[in-house]
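Presented below, as structure tokens, is a lone chain in the form predicted on its own.
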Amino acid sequence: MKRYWLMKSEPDVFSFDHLAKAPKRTTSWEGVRNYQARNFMRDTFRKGDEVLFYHSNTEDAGIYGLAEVVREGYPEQESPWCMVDIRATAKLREPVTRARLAADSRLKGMMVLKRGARLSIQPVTPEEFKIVSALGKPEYL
């Protein structure tokens, strides 16, 4: 069963544009140091799952692109941590900012909007993914 995720990255560290310009538009998603997020990647992510790529810690925080999981969880070097590989699939012509997410009553349940929801990897529902994707008017790569 396909799942849907929101993955956060600070744009000055690694933005959606960085992912889109990576070889084969693919990179490993590493450096996650939260056990719940690690467990999602290790135990739940599956090849073909779809991702909302979220820019965090910036004035215009929000979703800037779409990606897909192309390699399921595998060890990050010799450590208890895990990573996955993702591939950019579409850049959003209209980024869906946090303010825009909050203004849409259909998205009020999204974890990213909840106070204290700081996880860098969060599940989203298929309906939330569909709504955000439509709002952003994706340009497929």
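Just so it is clear, the model here is predicted, and its values are computed rather than measured. One rule holds for the numbers: they count along the sequence shown, beginning at 1.
Absent from the display: the form predicted in complex with the DNA. The rest refers to it.
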query: Interface stretch in the model of the complex with the DNA - options 22 to 30, 52 to 60, 65 to 73, 85 to 93, non-hydrogen atom within 4.5 Å; finding: 52 to 60
query: Heavy atom of H18 within 4.5 Å of the DNA in the model of the complex; finding: no
query: 4.5 Å heavy atom contact, N34 to the DNA in the model of the complex; finding: yes
query: 4.5 Å heavy atom contact, A117 to the DNA in the model of the complex; finding: yes
query: Contact test in the model of the complex: R42 vs the DNA, heavy atoms, 4.5 Å; finding: no
query: Heavy atom within 4.5 Å of the DNA in the model of the complex - qualifying residues of 93 to 111; finding: R98
